[in-house]
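One chain is shown next in structure tokens, namely the form predicted on its own.
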């Protein structure tokens, strides 16, 4: 397989990929994942060594509240942490973060956004002042150039990819930048395959080429940005030839991408976890934003930056303040006037400092500083990097309360389990997608058994801890949010229904804002330019932490498949003709080198653990690169292999770059996970 770039046509690529795909007996293999039972009644545990047993709501809520009260009294408010839910409604996230700040008195609230797009929020905020994607989905249909960087959107974001396909049909060219020649790359005009962890050298080389070719938008740079000179100096050593030696992408392909992006009238730069799930994820994001600032591809219709969120309400959870550094409406906790506004509205004092993020909270469990966790709709026991370490830390908590719809692996560790509703069909509310569009969610069916609304459960706990909250319904929560968040003030439930969703910012009930952000960068702002200006980030290349060597010669990268979702708790309960279970995917050359064939079980080992998994051969991989997912942790716990090397700015772990070895087994072994 040729690495680095591919200039063949879409038709040729599709045919070749189809001819090279493995087929036959392994594809038909029946490997149904574990099915998790739906929770229908509360559960409690009578001591750490006891089993969970059924309980009444009264007993379960009393035990849950007593545990939180005891830990707060003994160790203070910061011994508590809230894991909120990126799949639940905005209204639930608003009440969850309010519980954390008002009832428990801490800012320790976060969600699984920490394991995916926290670097996007940090990078966009630092460069542009706002953590949301800058364009709408419809603009992708009307743009001239689409760059999919570190994103197999066809599998991971199939709804968004429909808009991409419409854009291609309308004449847009697409470049795919990904170490794997993915299903998304099959639709691209050109594929660039950098080595894992070399996105910054590649982006810098593209930027340098734009500058040296005289294609930088100097008028935009001078009027609307700052920090250009430092950026230009940082990228200067990265000639296309120098970048080729590090990235593996041919210099001519780098020049082609640079000229195509800079000369396009309108261009969309899209990314996902291939950019963010690195120990330097925020720097990766800044490297891509720099290209948009260099060319003026931001702040106008058809040109923008699109971080594609991985769950239905990752954007909304952060917008609602379920993150440790922002209050609802993405308002900074460190701003005194902001705190005063919320303190007046909520009748409480808010700590004038950032709380712990998800990564920090797990480290605080290790030290004993964090003793109690309220986990709503998250499964960190299987979703965290180095999963066995995560389980050990959760076990060490004094008090763990899990509120979920399934008895997940995390729920199995809890002292109290509270059965909740499925946000997409059993409750009312709203969610916010990757284009910042707030949409209504409506209850269609009743929850099973004794399961209750998330908001009702949280309010019941708040009442037992001295805060008598009464929300008549989800709309009452939303209206309270609107009263404290200027970005949402104009979004009544009636207007959301009338317009089939509204993008933020929406400060007034009298009008709708443009579909894109940061139009100020192009407006006539007088001699001083826009305020604030966009800021270049002169970031440096920093290779993956987990280095390959003779003992661990393969680079493992992880990702999603079309048929499954995250840790498989939800998607495992239904059949899919596409599902084939977990495999370690190798290129044909590596499979031949190790003497293994499709379906043969091998041992996969990193510096943190070992698993056994069957082999799949993917011609879209290059020699030295392996691929696995996190969808089947009960079958093959991939996160025993991944490394907890975290981005120091965003706290996101380096799921995309682990060093492994693959060993052929002497005798057949059923796939299972073992600790080395």
Partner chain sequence: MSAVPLQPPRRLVEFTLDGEPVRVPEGSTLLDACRAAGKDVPTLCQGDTLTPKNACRVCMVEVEGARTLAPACSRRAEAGMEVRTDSERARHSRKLVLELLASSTDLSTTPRAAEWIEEYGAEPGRFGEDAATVAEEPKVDNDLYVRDYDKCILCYKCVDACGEQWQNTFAIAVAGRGFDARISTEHDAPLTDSACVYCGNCIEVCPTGALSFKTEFDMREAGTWDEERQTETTTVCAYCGVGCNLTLHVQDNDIVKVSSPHDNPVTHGNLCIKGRFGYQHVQQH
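Numbering follows the first chain given and starts at 1. Remember, it's a predicted structure, so these values are computed and weren't measured experimentally.
Absent from the display: the form predicted in complex with its partner chain. The rest refers to it.
- The partner is absent here, but in the predicted bound form a heavy atom of 441, alone among 102, 246, 441, 459, sits within 4.5 Å of its partner chain.
- Think of it this way: in the predicted bound form, its partner chain has a heavy atom of just one of 469, 522, 565, 346 within 4.5 Å, and the residue is 565.
- When contacts are defined as a non-hydrogen atom within 4.5 Å, none of 251, 286 and 505 contacts its partner chain in the predicted bound form.
- Within this chain, residue 374 is remote from the site of its partner chain in the predicted bound form, having no heavy atom within 4.5 Å.
- Not displayed here, its partner chain is kept clear of residue 412 by more than 4.5 Å at the level of heavy atoms in the predicted bound form.
- Under a 4.5 angstroms non-hydrogen atom cutoff, its partner chain in the predicted bound form lacks residue 202 among its neighbouring residues.
- In the predicted bound form, residue 311 approaches its partner chain with a heavy atom inside 4.5 Å.
- Remark: of stretches 237-245, 216-224, 362-370, 443-451, the one touching its partner chain in the predicted bound form is 443-451 (heavy atom within 4.5 Å).
- For the partner-free chain shown, 560, 561, 562, 563, 564, 565, 569, 570, 571, 573, 574, 575, 576, 577, 578 of 558-595 come within 4.5 angstroms of its partner chain in the predicted bound form, judged by any non-hydrogen atom.
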